[in-house]
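Only one chain comes next, encoded as structure tokens, the form predicted alone.
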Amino acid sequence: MKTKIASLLLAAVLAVPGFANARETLIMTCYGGAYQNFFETEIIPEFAKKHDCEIKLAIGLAKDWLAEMRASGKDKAPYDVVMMNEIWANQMRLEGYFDPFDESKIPHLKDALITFKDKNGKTSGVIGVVQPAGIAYLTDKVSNPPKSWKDLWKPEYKNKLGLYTATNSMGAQFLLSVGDVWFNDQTQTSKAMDKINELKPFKLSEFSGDMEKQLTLGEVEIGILDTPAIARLMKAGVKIGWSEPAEHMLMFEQVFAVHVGSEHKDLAHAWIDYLLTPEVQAKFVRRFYTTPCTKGVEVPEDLKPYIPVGPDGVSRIKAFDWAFFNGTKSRIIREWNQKIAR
């Protein structure tokens, strides 16, 4: 009788939709809009089918993801795979929220152009999306475009510039760049701010989308933009040009890492490896005009007019000391507001 009852209970449980075929679910942070659509339509389906799993996207912004991770603690992972800019990822890596990669489970990691190590020297982050940035200018208004960061201080560009606030990662990179270019030390942020003050008057943007609008409307004639933004403006008919600064480029990037508390680490490693494959990297290039960030992936001929920096140019992107910046961020922002934003 007990055996019969047990069999009936088992049959009832198996009849519950999805129970018998419960699939492993991986959660990754992601931005909304075009990024969400791209992952859901072009990237996730193939991987989910191959691994018989689900990939769920936690849509939001880095500041929200950091707050959630810290609130949850290291033992409980609200996200299995984290995607964010290095300015944010650096903080969480140093705080021990990212697990060192098992490189045997990410075979394509050997082809990655930029990786990051934790405080123990273990690789725990990899750039899977890179958008090189330099100097944008309106071709119908700027006949002699700047070719270096120092050129921005030329009198002929006075009252034509657009810059970012220091709370934007591109603004932070520019600030550190000014220290590096003018004072041979990117940590000389106070001197860099005094130098930036010499460029006034200029317009400040909170986001790259604002910079794109200002250039499109002619409110500024020279600004800092990533190459995918340039491609979008070119296709929209904006008379836009782009210069790679002689000293170095900046970038918007997406770093991928595995949360130390994830219960799905094998699947997380497989997912990151998948994102680094030539096939997926090629999809990023064609959809977003990004620069390939793994070896063996080239810019297609038809896209070269829109993607001026190939994978061989990634080495010309400046590496910044985000540990320094994040460690003194409150002081930097306070001083920026006093000197620049007022």
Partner chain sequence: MAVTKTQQAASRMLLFLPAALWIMIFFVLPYSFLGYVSFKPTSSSSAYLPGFTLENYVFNLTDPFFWTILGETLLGGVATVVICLLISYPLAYRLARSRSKYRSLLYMVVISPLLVGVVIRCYGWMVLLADKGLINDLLLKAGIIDAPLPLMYNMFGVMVGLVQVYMPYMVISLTGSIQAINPELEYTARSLGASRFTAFRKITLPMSLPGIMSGSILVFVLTISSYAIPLLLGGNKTLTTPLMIVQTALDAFDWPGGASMAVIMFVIVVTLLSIYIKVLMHAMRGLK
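A quick note: this is a predicted structure, and the numbers were derived from the prediction, not measured. Residue numbers count along the first chain shown, from 1.
We do not show the form predicted in complex with the partner chain, though everything after this point is about it.
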Interface segment, criterion being heavy atoms within 4.5 Å of the partner chain in the model of the complex, picked from 250 to 258, 124 to 132, 202 to 210, 98 to 106
202 to 210
Which residue, Asp185, Glu263, Glu219, Asp194, has a heavy atom that falls within 4.5 Å of the partner chain in the model of the complex?
Glu219
Sole residue of Met83, Leu225, Met92, Ile272 within 4.5 Å of the partner chain in the model of the complex, by heavy atom
Met92
Thr167: heavy atom within 4.5 Å of the partner chain in the model of the complex?
yes
Is there a heavy atom of Lys295 no more than 4.5 Å from a heavy atom of the partner chain in the model of the complex?
no
Contact flag, Ser243 vs the partner chain in the model of the complex, heavy atom cut 4.5 Å
no
Does the partner chain get within 4.5 angstroms of any non-hydrogen atom of Ile333 in the model of the complex?
yes
Three residues, Thr277, Val280 and Arg287; all within 4.5 Å of the partner chain in the model of the complex via heavy atoms?
no
Residues of stretch 53 to 80 in contact with the partner chain in the model of the complex (4.5 Å, non-hydrogen atom)
Lys63, Leu66, Ala67, Arg70, Ala71
